[in-house]
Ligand code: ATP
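Only one chain is included here, represented as structure tokens and corresponding to the form predicted alone.
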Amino acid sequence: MTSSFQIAVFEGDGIGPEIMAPTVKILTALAAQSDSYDLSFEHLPAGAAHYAKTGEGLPQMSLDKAGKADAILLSAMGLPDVRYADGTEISPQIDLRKAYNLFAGVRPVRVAAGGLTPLKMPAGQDIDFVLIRESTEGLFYTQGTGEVTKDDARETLRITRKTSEDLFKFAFNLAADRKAQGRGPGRVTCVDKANVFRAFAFFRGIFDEIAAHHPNLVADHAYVDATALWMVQKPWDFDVLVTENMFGDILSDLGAGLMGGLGLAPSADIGLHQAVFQPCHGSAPDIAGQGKANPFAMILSAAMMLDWLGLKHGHIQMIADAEALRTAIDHLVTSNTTVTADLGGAATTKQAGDAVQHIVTRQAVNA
């Protein structure tokens, strides 16, 4: 029996529509060749360009429809010359996180043997770990509402028990899934600054409470500054890292650097019911409309969506298709075949997307 899933699509700003188009095309082709699932897409308005036209960054209608969808696929958002009256960016992705309590910001860091990375990798070694960033509180809690006077400025770092418990349960469940798939040893590392801040000692204490319920997994701790060092020195040692919002924001860009750039960096923001999947990079308006944008991070984010839906609903084919997308992009990057300029190639956005689709559809024919 075929299961149908409704996907809410936000095309975004700048290069957003250009990288979303091949992604939806590939997902449509994968679903068409499957006998177990079907995908339908509803395109919804939001973003800086929409705000410039209408005065709304995320219309209530879009928010409501996205909340009813099975998953949300979101492209790059924001434009440097379009701001709210208080000077902050138009960021529907953050509005969605808050509206649906998408507490787990998932940032995979993968470098296949022979892949792009500025590191000197040991022979035959690869990098495959996941950084989980709490995405609704931490130092972002007072975003846009911090106190500023003539003489000082203050922001509030907030960590709550409920959100932290949900975050750590998610992290340990992910580590268990990765272990079952042979992708990791089943290790979760709490990244904090508990030696300085009481809030992080509180954070670490909750982590230890949740870890006690997972005796078959390894739980340990690391300070954020040491973690940044080790991400450069020995990133292949990591499995699942879980951390506060601001620390995760910084470390996730370091992770993107390990992979060769933001053009290969997907992400997801996941809650108890909804989830948003989007690339880590920005809208790059300077190259919009030129066919230069790299669609791989958007496509890899779509692969994360297939994984999440497949695990949630027990669809093995969706999980297999997600892996096929990752494998296809690994092949193109490691062979330096049909990649865009940011990865050292000369392919257009469409050519790069078509190359991925050709590989995954060919694999299906040969399966």
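Note that this is a predicted model, so its numbers are computed, not measured. In this text, residue numbers run from 1 along the sequence as written.
One more form of this protein should be noted, the form predicted in complex with adenosine-5'-triphosphate (ATP), which is absent from this view; the next part is about it.
Only one segment in the set 202-210, 173-181, 267-275, 286-294 has residues whose heavy atoms sit within 4.5 Å of adenosine-5'-triphosphate (ATP) in the predicted bound form; it is 286-294.
In the predicted bound form, Asp330 stays away from adenosine-5'-triphosphate (ATP), with no heavy atom inside 4.5 Å.
Looking at His281, you'd find a heavy atom of it within 4.5 angstroms of adenosine-5'-triphosphate (ATP) in the predicted bound form.
A residue is said to contact a partner when one of its heavy atoms sits within 4.5 Å of a partner heavy atom; Asp307 fails this definition for adenosine-5'-triphosphate (ATP) in the predicted bound form, lying far away.
Of the heavy atoms in Ile15, some are within 4.5 Å of adenosine-5'-triphosphate (ATP) in the predicted bound form. The partner is absent here; in the predicted bound form, the one residue of Leu258, Leu262, Ala194, Ala112 having a heavy atom within 4.5 Å of adenosine-5'-triphosphate (ATP) is Leu262.
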